Structure formats: C-alpha cells, structure tokens
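A single chain, nothing else alongside it, follows as structure tokens in the form predicted on its own.
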Amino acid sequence: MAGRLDGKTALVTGAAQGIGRAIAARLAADGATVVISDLNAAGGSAAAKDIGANAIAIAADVSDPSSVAALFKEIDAKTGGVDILVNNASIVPFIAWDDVDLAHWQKIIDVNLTGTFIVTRAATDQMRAKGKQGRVISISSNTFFAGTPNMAAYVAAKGGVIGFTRALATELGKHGITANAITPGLIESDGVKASPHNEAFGFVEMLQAMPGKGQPAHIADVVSFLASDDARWITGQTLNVDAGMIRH
C-alpha cells in the first residue's frame, strides 16, 4: 500500500534520539526519504541505520549558517531537495532564574530560535526554487503557555518559535508552503529521562485531562498528519499535544 508521503524528502533536525528520532521513523514509515540531521554524527548514523533504507544521516549544527548551507547542498544532491522540514533540534535546560547569565541565554536562543530561523531560511528557499508546496513544522513547547520555572531562556525561545511560525505562514502561503508549530508537554524521551525534568511527571499528570506519560510517538503522529496532504489547508497554527494539560 502506498505511503502518504511517498516521493517526499523530509528533514528532521535533532533526530539522533528522542522525539526527533521518533518523528524520523514515522515519516520514513509513511514513505518519505528522511534526512536525519544532528550535531551528534554517530547518533544520527545509528538512528538512520535502525530506521532503514529510507533514512540518510547528515551531521550539521543548526546554529551555524555554513554548516546548514552544506547540509542543504547535500540534501539537494542526494534527494533533489526538501519537501518537509521538521525543526526539532533544541537544548532543554534546567537552570534557576538567578543562575541565568548572558552566555546561557545566548546559547539557548542560538540553537532553539536562531537555529530554527537558519534552517527554515535554507529550506524554504530550496522549496521555492524547486516549486515545491512544502511543509514547515516546528517543535515548540507548552512551557510557553505554562511559564515553566527553571527554563527562562528556553521558554522565551520556544515562544519565539510560535511567533515566527505565525509570521512565516503569512509570508509563504502564496507559495503553497504551510507553517505550523507543535507544543508538546512533558515527554518521556531519552533526554528528559536523564534530566531533573524526569521527576516532574507525577505533578504534570495531575494537571492533564488524561492520565499517562507523554511519549515521542504522540508527537510523531501529529507531525505525520501536518506533513501530509490531509493538512494542506492548515497553516499558521500551534497545536498543543499534552493530554490537555494546557487548555485554550
């Protein structure tokens, strides 16, 4: 049976593990050729090997314009250009406000917000040059709505991703390119399990409309929908995926 994304090329940043890896696996299962990009070259290669023939690993630093330019040059050579961009790469800190200095702030903004801009700039330029009616899907966070403590720079960056998505949709709609954001709640990913955030599941579950722990597959399922033709009339939206923790 044909996949819903047959013939498409999808780039997923930060896809060596966790949510990004789950997204890459789902889009490959849907028939897309998936480019797994991560600063962790070994992890990206391992993920591509596990996913199989539909996956390609290309290491890149989303905060470095020259690295991103090389990434898209290689994508063009190997696949003919990107149809779907999933901005997933991010740094998730746990740091009290009193310990936030300018160096920390700039590092988080550089990867989580500026990196999203750099990759999206390259992707949408490539889409338009090739006449592709593409998809830009950016992973934000429900911490933007909750004002979660110990994450000031992260919350600011993820709020910026939402604002950027809205403006991008307006700019690119005339080209048939959609732009949407997803705001996951707390997800039981590799990174979360290895961080202090792992201790918050009990508290978060009390706030949810539905019980349980969020899983990477929950996010991958929604990305699959937004990447498909089923979502062709949806743009400029932020979709909360957190079992109803945030209701708006």
Ligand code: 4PL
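We number the residues from 1 along the sequence you see. Bear in mind the structure is a predicted one, so any value in this text is a computation, not a measurement.
There is another form of this protein, the form predicted together with the ligand, and it is not shown here; the text below is about that form.
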Of the listed stretches (125 to 133, 173 to 181, 77 to 85, 142 to 150), which one has a non-hydrogen atom within 4.5 Å of the ligand in the predicted complex? 142 to 150
Contact between Ala169 and the ligand in the predicted complex at 4.5 Å, heavy atoms? no
Quick check on Lys213: any heavy atom within 4.5 Å of the ligand in the predicted complex? no
With a 4.5 Å heavy atom cut-off, would you call Ala57 a contact of the ligand in the predicted complex? no
With the cut-off set at 4.5 Å between non-hydrogen atoms, does Ala156 touch the ligand in the predicted complex? no
Interface residue in the predicted complex among Ala29, Val204, Ala46, Val222, criterion: non-hydrogen atom within 4.5 angstroms of the ligand: Val204
May I ask you to choose, among Val100, Ile162, Val92, Ile109, the residue with a heavy atom within 4.5 Å of the ligand in the predicted complex? Val92
Determine the residues of 216 to 248 with a heavy atom within 4.5 Å of the ligand in the predicted complex and present them in sequence order; the list may be empty. Met245
